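Before any questions on how it binds or moves, here is one chain, the form predicted on its own, in structure tokens.
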Amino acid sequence: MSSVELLPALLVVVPILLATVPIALGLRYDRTGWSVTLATTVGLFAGTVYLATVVYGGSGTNQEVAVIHELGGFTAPMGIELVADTLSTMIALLVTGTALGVLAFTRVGGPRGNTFYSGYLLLVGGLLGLTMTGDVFNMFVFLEIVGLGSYALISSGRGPEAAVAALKYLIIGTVGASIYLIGVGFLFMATGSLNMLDLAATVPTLEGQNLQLARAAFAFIFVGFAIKVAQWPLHSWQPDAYQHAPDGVTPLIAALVSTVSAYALARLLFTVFGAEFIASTPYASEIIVTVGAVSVVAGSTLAVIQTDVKRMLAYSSVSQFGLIVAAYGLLTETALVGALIHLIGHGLMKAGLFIAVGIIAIGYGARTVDAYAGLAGERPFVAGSMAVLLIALVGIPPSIGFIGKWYIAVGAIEAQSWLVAGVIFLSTMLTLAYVARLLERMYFTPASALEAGHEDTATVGHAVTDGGTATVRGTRVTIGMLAIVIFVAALAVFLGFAGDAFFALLEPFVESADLEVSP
């Protein structure tokens, strides 16, 4: 086994094992968690970049360029595989890069404490495992690890609302994971295998009762992930979790947790079941498109009427993930590439937006749309960066938000799905409505109107549940924090010119999906 083949396993195992270190060292030292987490996250990012040079530097099919680690040397289908192919490697880059940026923000922005950093590493390890797992049962295991990390981090927020939001997430998330596990059971009964590549070869050969079992498995798995991806009306955990989680936690959850779940859904749809299975299952494609389209409209509409900025962006995520799910159901190569680009872009944009929201809350004391009045004059750099990210979220070029939506729209036209094409237009108008409201407050409402909306500035040194301290408004926004959000905004624009590059990098995976079918 080469050293490169060890990398997928190390990327998953190392952060999970090192999650115990901050707590263990915390018995003797108070401030070791951030250093351990920083060293681990830098190592993970460097390892992922090296893995990407190997995967994208190869030539051949998606399976030929993939780096596969067989745990314990046991071969598939009996053994457990971790797979870094052209898609999972791209998601791993998003996970480690975003985790590194958010970690830098938490150095000053908080929350801090050794238990927080243990939860942080556990969540990152779970996300990387969910990204690279090559079998459907271990996908459930990593879903649970991600859930545990998320519950711990959300509950580290101040006040009972954070605990309630974490409990709500715990209950609904467990229901989603359990429904998924039932689907895995049906799939195993139908095929006798849990390995994804083995399932991909077996599912097309199923007939009779086994085919019906596979279709039942498909239904359970889709519903389970519809909860994880927060599709309307199964989205209710998401707004509370985003709003009440600490400002240093929300960017991580918003950018990665639902994003990796949406990636996992794509992996199951196009690697395990395949486009031919979806197209031949009565109403499967139509149901996927309808669930996504309804989420787009409902999420955008609910975002328009929100007054809390974090809650508004949470409902925006319901809408954006709806667009991705609808694109999955179109079963065209262009729509799938658009969905995957939008998946990456949405993660990047929401990470930047929620970091900006955290900076504004720390330095300006504003959390509602009205309280953002006059922000551009008082905090031009963070306001400008947030404006760029909001415009990218609408889908205005040049931005990664534009190229994702563009490819999805072209894919909808290719599939002659005028419903999705219309929903994209309506969603863009609704997104523009809540984005314009925020921009109007920041740039055109006089600063004098903002005074009443701000929180009391005497909130210095609040104790938080992880044992750290809350940040100090007005004195703790650093140049490093601003540099992070400015970098993310610039990257969102830069990637707007990278449509062809994304297409080339994702081509092996898209070709392996075999989308030459008639939906």
Partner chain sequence: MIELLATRYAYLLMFVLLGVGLYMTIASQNLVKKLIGVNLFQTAIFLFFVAVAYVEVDGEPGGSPVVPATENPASSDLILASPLPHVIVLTAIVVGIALTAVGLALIVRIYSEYGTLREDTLREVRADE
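Predicted model only: the values in this text are computed from it and were never measured. Residue numbers count along the first chain shown, from 1.
Just so you know, the form predicted together with its partner chain exists too; it's not on screen, but the next bit is about it.
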| property | result |
| --- | --- |
| Partner-proximal stretch of 199 to 207, 178 to 186, 438 to 446, 279 to 287 relative to its partner chain in the model of the complex, 4.5 angstroms, heavy atom | 178 to 186 |
| Site check T478, G480 and L491: each within 4.5 Å of its partner chain in the model of the complex by heavy atom | no |
| Contacting member of A433, A163, V297, L211, with respect to its partner chain in the model of the complex [4.5 Å, heavy atom] | A163 |
| Heavy atom within 4.5 Å of its partner chain in the model of the complex - residue from G377, P398, G159, G422 | G159 |
| 4.5 angstroms heavy atom contact with its partner chain in the model of the complex for I171 | yes |
| Partner contact for V369 in the model of the complex: its partner chain, 4.5 angstroms, heavy atom | no |
| Partner contact for E414 in the model of the complex: its partner chain, 4.5 angstroms, heavy atom | no |
| Contact of F137 with its partner chain in the model of the complex (heavy atom, 4.5 Å) | yes |
